[in-house]
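In structure tokens, one chain follows: the form predicted on its own.
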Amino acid sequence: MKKLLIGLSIVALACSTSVFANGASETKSSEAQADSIYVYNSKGENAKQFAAMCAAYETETGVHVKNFSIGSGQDHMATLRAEMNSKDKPTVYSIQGMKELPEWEQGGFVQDLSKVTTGDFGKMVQAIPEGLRLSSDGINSYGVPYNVEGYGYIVDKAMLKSLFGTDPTADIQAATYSEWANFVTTLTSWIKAPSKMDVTFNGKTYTLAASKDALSSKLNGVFVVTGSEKWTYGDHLLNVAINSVFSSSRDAASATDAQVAQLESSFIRYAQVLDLMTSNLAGADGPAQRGQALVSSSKFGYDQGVQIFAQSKALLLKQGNWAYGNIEGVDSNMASRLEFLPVKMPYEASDVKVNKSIAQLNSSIPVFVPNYYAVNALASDAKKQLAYNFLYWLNNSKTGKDYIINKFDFIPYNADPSTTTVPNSLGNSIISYIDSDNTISAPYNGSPAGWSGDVVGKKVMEEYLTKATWATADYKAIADYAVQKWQDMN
């Protein structure tokens, strides 16, 4: 692979180093143990817990694990490339889905785990659900999922009860887009001048309260949109629309220009949804409007958006279960009451090319694997077997599963949704969607690198989130741009 001149401090070969998210490190002498592996972890937010897990593994098995967790603000791929160019290459390392797999697959650095068919690890790999496999051709399998994550509109169920006197969550999940859009505009009117107003979810009538109470009086808008964070409406909102044409990142990665062109109408729906969201905005100090303030990191960055939601100023925040800790830091009581609602799109039958109905798409949330553990194909057979033993232990032992669920705050990829609970409300909401088979995937990971956030997201940020009003022509212009750029970058 191409060597990169990167100004990074690489750990000494005779030491085991964990680099924590705050930049601190802990060094232990390893003295080149025969029974040892090197595990590279790209999720710096769990660096300390990851190091503790590796120590627990050594205590239980006698196998030493040198572990490296990326520090805050570091470029994951640049750091990993440097490690792969060192003499002491990682035995196990992180791959962030299809967008990173081609580099390691083409360089010969990633082991095809589908060829491991014996032993406990072989059985575990064979049992990874097809939709969660990291595969370039539908046959090979290049990783073990770290976990599963999901996202949608986060809502406080206590706020819904404040508005309606009951919990309409189940019917909102099943509601049509037209019912949903009518609710959004009706709620904006109610926030300005409360009175009994009827809305319909799933064909059932619900009535907004005649007046505000202590909780609902805090609302000043329906949505908080983190306008300075391109990935929220680039990567993640676009991804919902892409699910109408591609059901997996592998399908998207192999798409022809003609198949990409089929996304045109769904991208128009995407623009309509973003218009609805940004026309019914909450802010820190009152109702917000599109404009330069919306794309300011000091006004509508990630932290500011979470704060607005956690202070009950907005009903809905489109984010994932990773936001749980941030919300809990503002209001721990609210954090215990959170639920996901689906991001609905105004699809027409001709938009949908996958084997799902419009009702199914609009009742589901994206659930996907953000990271995979890969095994270095250049490692010796003995080291590979140690890696397999480690990954099996992590995902199946009592200690390993305790770290995944209670220390990393992850949802295990192999959890039984009918019996598994995790210690946070958003994680349990995702599990309930999995259990009811109301999930879609993350095909945007198969789009060209940088297309969704850095290209389309940037265009939307600079030219549309700053406009006070959008016209129908704007929807088509956004869709045209998204399709053309994907084709250009393919």
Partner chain sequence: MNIYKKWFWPLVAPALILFIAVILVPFVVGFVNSFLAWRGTYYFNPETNSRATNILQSFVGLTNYKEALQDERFMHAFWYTIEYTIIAVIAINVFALALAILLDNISKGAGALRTTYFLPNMLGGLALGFIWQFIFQIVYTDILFAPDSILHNEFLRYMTQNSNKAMFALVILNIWQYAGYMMIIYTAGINNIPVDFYEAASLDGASAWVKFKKITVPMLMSSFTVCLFLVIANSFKMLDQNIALTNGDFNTRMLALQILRTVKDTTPPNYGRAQAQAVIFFVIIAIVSITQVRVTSKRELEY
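Note that this is a predicted model, so its numbers are computed, not measured. Residue numbers count along the first chain shown, from 1.
Omitted here: the form predicted in complex with its partner chain. The next part is about that form.
Enquirer: Kindly confirm or deny that Glu130, Arg250 and Ser336 each have some heavy atom within 4.5 angstroms of its partner chain in the model of the complex.
Expert: Not one of the three qualifies.
Enquirer: State yes or no: in the model of the complex, is some non-hydrogen atom of Ser298 no more than 4.5 angstroms from a non-hydrogen atom of its partner chain?
Expert: Heavy-atom contact with its partner chain at 4.5 Å: present for Ser298.
Enquirer: Decide whether Asn406 counts as a contact residue for its partner chain in the model of the complex under a heavy atom distance cut-off of 4.5 Å.
Expert: Asn406 lies outside the contact set for its partner chain.
Enquirer: Verify the contact flag for Lys344: yes if a non-hydrogen atom of it lies within 4.5 Å of a non-hydrogen atom of its partner chain in the model of the complex, no if not.
Expert: Contact with its partner chain, no.
Enquirer: Taking any heavy atom pair closer than or equal to 4.5 Å as contact, tell me whether Lys230 reaches its partner chain in the model of the complex.
Expert: Yes, Lys230 is a contact residue.
Enquirer: Tell me which of 130-138, 152-160, 171-179, 298-306 has residues with heavy atoms within 4.5 angstroms of its partner chain in the model of the complex?
Expert: Correct option: 298-306.
Enquirer: Under a 4.5 angstroms heavy atom criterion, identify the one residue in Arg269, Arg81, Arg290, Lys212 near its partner chain in the model of the complex.
Expert: Only one option qualifies, and that one is Arg81.
Enquirer: With its partner chain left out of view, choose which of Phe390, Phe183, Trp104, Tyr372 has a non-hydrogen atom within 4.5 angstroms of it in the model of the complex.
Expert: Answer to the contact question: Trp104.
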